[in-house]
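Here we start with a single chain on its own, the form predicted on its own, put down as structure tokens.
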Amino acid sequence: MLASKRTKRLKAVKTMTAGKLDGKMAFDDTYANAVGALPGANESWVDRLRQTSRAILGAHGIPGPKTEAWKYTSLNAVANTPFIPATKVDDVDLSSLPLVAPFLENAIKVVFINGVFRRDLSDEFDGLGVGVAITPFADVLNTSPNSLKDVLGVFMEPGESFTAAMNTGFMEQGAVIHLSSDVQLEQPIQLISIGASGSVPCAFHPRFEIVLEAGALATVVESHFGLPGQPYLSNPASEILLGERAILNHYITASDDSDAFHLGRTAVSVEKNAKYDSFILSLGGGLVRREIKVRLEGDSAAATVDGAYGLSGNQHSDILSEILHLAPETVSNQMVKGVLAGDTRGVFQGRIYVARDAQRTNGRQLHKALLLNRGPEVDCKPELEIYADDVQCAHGATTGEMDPGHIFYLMSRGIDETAARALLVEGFLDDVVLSISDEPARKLVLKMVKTWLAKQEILTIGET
């Protein structure tokens, strides 16, 4: 079945499906030549996949406002930044790394600096037991690329997304996580990707391939953050396959440097009775866009795709989700909450698709935004596309300011206004954060939200 999927989707890669792209391209031949030889370059199908992705980039460039999926997010700053491949950066100062890293308690840590795997900073993961394998992506491409033939580029379709095409065209390092049937890994895996430009802006494109066979269970946390310096572009991509009855808890945190760009994508295939439980947290970066596409391909497959974002200054956050119900009795739930202050912009684009044969589907989606002053802008575009007739689907969106009555109530109990506003904002975000099922991951996200709030000025209502 996977082989047929690859054949069909490689044909689809030849044409972009999301509309006309009209921006200039920052990653031209100069950048590609600087990258040099990439792992797996001698394997024809890997090379063909990269070349096809680069051809898409060269033909269409960076998407502009005429592309519907990018209508609310401008990539002009990305296009005008002269990035070099991160592997060419050699003047990075990592002395402050332990102070800013969001480490997950008791996790197996796999560390990347500017997309490059660092074994010296990572935990030992060679002896995790029978049926558990964590392998550097470059090693797999160099030694056994055919082990990825049924996964790599099958669900992460370059023809559907500029973000996916860019990553696939330049993918070099990352990690491959594989669990055999019925293996349950109790210890979480934390993929830590750190951006750290030196004297010039750099770009990196880590690739994470995650395969859980039938009945397997794992928790994977992606932590993306950065150190101060020149702007950098983090372009991660995660491609995930869950076999029957498999369960993956997958949590992503992005707290990049304020001058950084983060363009990430996740593509997931969920088979019969399997469950994908995810959360996206965005609390940093000048421009952060997280895309996620979940295909519920087997009967009774389920997905939870929650998220939260906090914006201040001039930050921009864009979350785009597609959940495709392709089989009967599939279930999806999504709640995303955002808090905005300063002159920021938050974007949420969510699409639920129900195929004709996906009877008895249940899909729900909700976005809520809280404005802390009159400067921010929120753009929300929920979509339902339903072809089955026995379904329960709903979506909703609300945007508003903090209720003065709530502030007054807390102040009447002896809490000063600043603390009252902070408590209300924290409670607003914690409402969705507490839905994270994995306790260590939940504690990490709660801590990150609290730390972010402590650094913010909670603006008064009505301030411009």
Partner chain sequence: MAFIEIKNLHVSVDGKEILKGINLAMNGGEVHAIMGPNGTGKSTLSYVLAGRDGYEVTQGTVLFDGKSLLEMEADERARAGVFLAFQYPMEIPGVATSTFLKAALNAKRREQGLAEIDAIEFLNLIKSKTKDLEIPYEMIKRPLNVGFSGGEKKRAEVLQMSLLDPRFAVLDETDSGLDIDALKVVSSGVNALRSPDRTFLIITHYQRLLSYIVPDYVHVLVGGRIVESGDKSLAELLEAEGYARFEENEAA
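Numbering follows the first chain given and starts at 1. Treat the numbers as computed from the prediction; the structure is a model and nothing was measured.
What follows is about the form predicted in complex with its partner chain, which we do not show.
Its partner chain in the model of the complex is approached by Leu423, whose closest heavy atom lies within 4.5 angstroms of it. At least one heavy atom of Ser412 is located within 4.5 Å of its partner chain in the model of the complex.
By the criterion of a heavy atom within 4.5 Å, Gly405 is counted among the residues contacting its partner chain in the model of the complex.
Within this chain, Asp430 lines the site of its partner chain in the model of the complex, having a heavy atom no more than 4.5 Å away. Annotated contact segment (heavy atom within 4.5 Å of its partner chain in the model of the complex): 412 to 420, selected among 51 to 59, 36 to 44, 394 to 402, 412 to 420.
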